[in-house]
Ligand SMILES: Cc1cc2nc3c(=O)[nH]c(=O)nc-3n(C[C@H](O)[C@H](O)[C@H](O)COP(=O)(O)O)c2cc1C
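What follows is one chain in structure tokens, specifically the form predicted on its own.
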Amino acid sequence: MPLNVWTEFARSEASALASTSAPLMTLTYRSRAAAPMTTDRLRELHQAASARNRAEGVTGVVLYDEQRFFQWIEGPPASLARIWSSISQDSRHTDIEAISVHAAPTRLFSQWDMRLFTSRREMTASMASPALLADPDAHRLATLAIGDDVESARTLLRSAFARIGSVHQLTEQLIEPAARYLGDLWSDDDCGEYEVTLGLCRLQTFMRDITAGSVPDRASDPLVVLVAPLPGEIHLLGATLGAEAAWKAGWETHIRFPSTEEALNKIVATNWFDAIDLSLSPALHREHRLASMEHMIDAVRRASRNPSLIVVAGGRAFHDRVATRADVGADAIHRSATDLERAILQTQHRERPSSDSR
């Protein structure tokens, strides 16, 4: 985003937020250091930025790696406007590119005036939600998905897909991080579960728009895979993304939304499946549902026509390592729908029955 375009956009955003009781905006940008930064120069930059942010009520993080800067700052619109003016005129860096600027419901880095990282590995290890930093638009997408401007959310996702060029990467870098951020907003009481459900439904609809019309190559001997949310799970985005991943793998993919355990067992008792993917919410941990998931996986194995049925599980509880494969009795888990194919193939340790026996 060119500097003058960003400035106009930031001005309009700040004006719109001026009447709110606690306006908050987020800005992310990247740039290139005009010359390699020594440890002493980085320390001086960090100290000055921390002091300035503290005075302005701004918080954030900055990464300096391979002579490139990436910075995320958040605070009152007027404060960000003053800081941006200083940043854009600083001769210590060039090729300044504003990535995202938008209203935000809450801060991500309230504990830091300005945290400095000098490697991506260090940043990833320290961040509670590193995926948001990998693509800052995930934060904005989540906010737009529960707001009134639905078309802006759709446009943002389409633009990201045009830039990324891969449904696989779009899912991992944008859709799933946005879903988890919605869950974080709920856990912080910044929105209700209704808003989370609405946001996830919208993300699901947007993804369908993007993938409509694409036809993957069919595998020569495709696995037959059932993808379903755990009965009683109202958030269906995880199952939708899992079905997309299985379909992209060239497998014969069936997606069902059973409302009860009995309905799920009937599906596997009357149809042949090589594998089943059961999902919990991609936004919320759902720890209270892990025991029922273990029970249902055991019941599915007993009901299945296939005695060697592969059972994998996904959801935020597994992404955040709240639960493991052993906790629910699955053959494998996946922390992202993009990892579903690997999870199933890794557990395919027995020879599949011939098609005649199905």
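Position 1 is the first residue in the sequence shown; the rest follow in order. C-alpha atoms forming the largest set that superposes within 1.5 Å between two forms make up the rigid core. Small disclaimer: the values here were computed from a predicted structure and weren't measured.
Below, we refer to the form predicted together with the named molecule, which is not included among the displayed structures.
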Please state whether all three residues R286, V311 and H319 have a non-hydrogen atom within 4.5 angstroms of the named molecule in the model of the complex.
no
Check R92 for me: does it contact the named molecule in the model of the complex (non-hydrogen atoms, 4.5 angstroms)?
yes
Please check if L45 has a heavy atom lying within 4.5 Å of any heavy atom of the named molecule in the model of the complex. yes
| query | Even though the named molecule is not shown here, does S86 get within 4.5 Å of it in the model of the complex, heavy atoms only? | reply | yes
Q: May I ask you to state whether S292 is within 4.5 Å of the named molecule in the model of the complex, using heavy atom distances?
A: no
Counting only non-hydrogen atoms, the one stretch of 153-161, 70-78, 263-271, 200-208 within 4.5 angstroms of the named molecule in the model of the complex is 70-78
Checked A323, A49, I297, A332 for heavy atoms within 4.5 Å of the named molecule in the model of the complex; positive is A49
Heavy atom within 4.5 Å of the named molecule in the model of the complex, from candidates A228, M114, V225, L280, belongs to M114
Notebook entry, point to check: Does the C-alpha of Y29 move 2 Å or more between this form and the one not shown once the rigid core is lined up?
Noted result: yes
With the core lined up, does the C-alpha of D65 move 2 Å or more between this form and the one not shown?
-> yes
Self-check item: Core-aligned C-alpha movement of E74 between this form and the one not shown reaching 2 Å
Solution: yes
Checking the C-alpha spacing of W84 and S159, a student should find that in the model of the complex it changes by 3 angstroms or more, with the atoms farther
Checked in the model of the complex: CA of Q173 to CA of Q71 differs by 3 Å or more, atoms lying farther
